[in-house]
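What follows is a single chain, given as structure tokens, in the form predicted alone.
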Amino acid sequence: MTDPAAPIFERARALVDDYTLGAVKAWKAAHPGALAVGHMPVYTPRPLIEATGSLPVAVFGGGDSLDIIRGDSYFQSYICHIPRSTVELGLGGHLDALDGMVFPSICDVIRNLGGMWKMLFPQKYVAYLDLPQNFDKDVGGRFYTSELRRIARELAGRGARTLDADALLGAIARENERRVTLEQLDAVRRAEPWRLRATEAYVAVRAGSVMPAEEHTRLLREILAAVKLRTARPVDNVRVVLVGSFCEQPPFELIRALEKAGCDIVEDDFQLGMRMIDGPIEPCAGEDPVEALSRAFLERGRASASRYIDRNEKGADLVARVHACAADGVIFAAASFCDPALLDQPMLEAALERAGIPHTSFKFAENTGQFQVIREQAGAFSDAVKLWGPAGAPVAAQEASV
């Protein structure tokens, strides 16, 4: 029987694989004079950019389809791979459709990449977005609000529309619609992972990185309607939460290898920027919508190694998510040399052990093509959980690195 969802996923996969940004070029041709603004992972408030009439474009490096030649000469070898492939994309002209780049403050590597970008492309707009480390609305909130307004002013100076409250309220409403649809997509994956695979959910979400929120919502609704028509049956796999890939993305075939090893990935942080805010952004009556964007990040931002959590307990959010999606265990998948993820991991592991939740871990690089070791380790983890159950399953002490 023909899969009704297959053609839609093929369209989404084409958008994900096109690192030359053909969709962005088409959008700019349809919107003469409008800006396309790239942003690095993890989180940049896309409604702010859309409200200026610009297209926000998430940049995730070159993946495993780009040979790194010049990019390697700009960075030392003992950092993650994504800055090198991003520089390679820029120097190769693949990101010429972008009129600027925003670099959020998630780690020293992205900070350094922002400085490097400013030197390499002085004619382009470059902004470093400092995220708040104080969650008091009168301290961190005021600071973050001023940062958002600064970026909006600078974009207007480059030809974007001047930010106004009505435009931002409209962009927030469209983002909320996308978020509701993403929640519906995630609900299908949690309830029936055999009907919507993690690899498919990945391309469905990431395709939105090169399109406006409203257009992405339409794509997601197409996918939801199509997967409901699928003829599918349950598979005896282990349900896992995957953590640590919030910035540099693993090769697509690595995600597929985990599925082939018997793991249903029912939740992950692959595209955390699309899901950073838990629930809708809700401006209060008479509230400046820029302040509503800031407040949403402070009060309902998702726990991550790239986000300060103030007084909250490290690992508590992960344990809660494991229970909420009825997962059997956790797989830590961090990019090699990713300081935020690897420094967080011991604290998260300790929280899982206190809760009796089994886990295993490996490291990857975005250009890695050898997945057999990871597949074998994930398969052994899956078998262990099946044999002994979540409460008694041994924690895999061995760590794979590829």
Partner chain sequence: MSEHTESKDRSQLRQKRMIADHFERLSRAKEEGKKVVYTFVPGNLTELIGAFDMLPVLPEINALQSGMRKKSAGYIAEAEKSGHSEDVCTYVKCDIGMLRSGNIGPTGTKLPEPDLLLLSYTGCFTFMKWFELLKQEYKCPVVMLHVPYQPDGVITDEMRSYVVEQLRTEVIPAMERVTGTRVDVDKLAAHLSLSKQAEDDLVAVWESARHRPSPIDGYFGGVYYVGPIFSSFRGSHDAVMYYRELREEVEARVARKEGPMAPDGPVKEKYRLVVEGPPNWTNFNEFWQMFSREGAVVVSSTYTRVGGLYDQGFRHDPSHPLDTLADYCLGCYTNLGLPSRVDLLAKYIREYEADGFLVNSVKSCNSFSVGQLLMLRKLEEKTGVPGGFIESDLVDPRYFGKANIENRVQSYLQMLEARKARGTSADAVVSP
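Numbering follows the first chain given and starts at 1. Please read all numbers here as calculations on a predicted model, not as lab measurements.
Although it is not shown, the form predicted together with the partner chain is what the next lines describe.
Check: Which residue among His94, Lys118, Arg197, Arg256 has a heavy atom within 4.5 angstroms of the partner chain in the predicted bound form?
Finding: By the 4.5 Å heavy-atom cutoff, the listed residue in contact is Lys118.
Next item on the list: Counting non-hydrogen atoms within 4.5 angstroms of the partner chain in the predicted bound form, say which of Ala355, Ala58, Leu342, Ala34 makes the cut.
Entry: Here the answer is residue option Leu342.
Margin query: If contact means a heavy atom within 4.5 Å, which one of 159-167, 73-81, 259-267, 176-184 is the stretch that engages the partner chain in the predicted bound form?
Written below: The contacting stretch is 73-81.
Notebook entry, point to check: Is there a heavy atom of Arg307 no more than 4.5 Å from a heavy atom of the partner chain in the predicted bound form?
Noted result: Residue-level check for Arg307: yes, a contact with the partner chain.
Next item on the list: Using a 4.5 Å heavy atom cut-off, state whether Gly208 contacts the partner chain in the predicted bound form.
Entry: Answer no; every heavy atom of Gly208 is more than 4.5 Å from the partner chain in the predicted bound form.
Next item on the list: Tell me, yes or no, whether Ala232 is in contact with the partner chain in the predicted bound form, where a contact means a heavy atom of each within 4.5 Å.
Entry: No, no contact at 4.5 Å.
Next item on the list: Please run the contact check for Leu131 against the partner chain in the predicted bound form: heavy atoms, 4.5 angstroms, yes or no?
Entry: Although the partner chain is absent here, Leu131 would touch it in the predicted bound form, with heavy atoms inside 4.5 Å.
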